[in-house]
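First comes one chain, alone, set out as structure tokens in the form predicted alone.
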């Protein structure tokens, strides 16, 4: 019996739709019935994760927890959140349900296991919450993050993408940020925000790009198909 995934989405809406399309792409299917069933709550009204982590906005945890409960009640066997920064509030989601949460951070870190130095393109809030630093702590890999000026540019680009700009110019500026991390020793670069990989793809950098969206989509397809097991908690 195939597993049903519940998607806590809307962070942002384009990134959620992109994630769903990648789950479809990673599914070995020859007919409609072979594809994963996805229950999606695409809720762009979730309070801003960045503002919350900076102490300037409402806590998104209760809203995400309520979405999780609704998805579980609708028949989801496990949950995903195609947003890296949202995982700073993952404990609220896990506490609200009895089904597992497949972490975008965990699967992305696992994909970097062969790299001793990894560049991280992510939001300032995600970095401040130490979501990736803590996940990498047990691996021994060095994490290389943008400097303050690069972060300012990165956040400008992320919000431009959220506003609908996926132009080549945005992609080129994102590529330059990735290359700056490679120049400082990164042998792979994580696209640690699901907006980033709407404009940046593997092959655009001189080092491999590890797309957090791809890693979560691939793992989701595997769980739905019974090729990967998850435990609650």
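Just so we're clear, the structure is a prediction, and the values are computed from it rather than from any experiment. Residue numbers count along the first chain shown, from 1.
Below, we refer to the form predicted together with a further copy of the same chain, which is not included among the displayed structures.
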For a further copy of the same chain in the predicted complex, the stretch among 66 to 74, 186 to 194, 201 to 209, 172 to 180 with residues bearing a heavy atom within 4.5 Å is 66 to 74
Note: exactly one of 162, 94, 142, 124 sits with a heavy atom within 4.5 Å of a further copy of the same chain in the predicted complex, namely 162
Only hit among 62, 168, 57, 44 for heavy atom within 4.5 Å of a further copy of the same chain in the predicted complex is 44
Interface membership of residue 53, a further copy of the same chain in the predicted complex, 4.5 Å heavy atom rule:
no
field: Heavy atom of residue 225 within 4.5 Å of a further copy of the same chain in the predicted complex
entry: no
inquiry  = Is residue 221 near a further copy of the same chain? Define near as a heavy atom within 4.5 Å, in the predicted complex.
reply    = no
Looking in the predicted complex, is a further copy of the same chain within 4.5 angstroms of a heavy atom from every one of 12, 32 and 39? yes
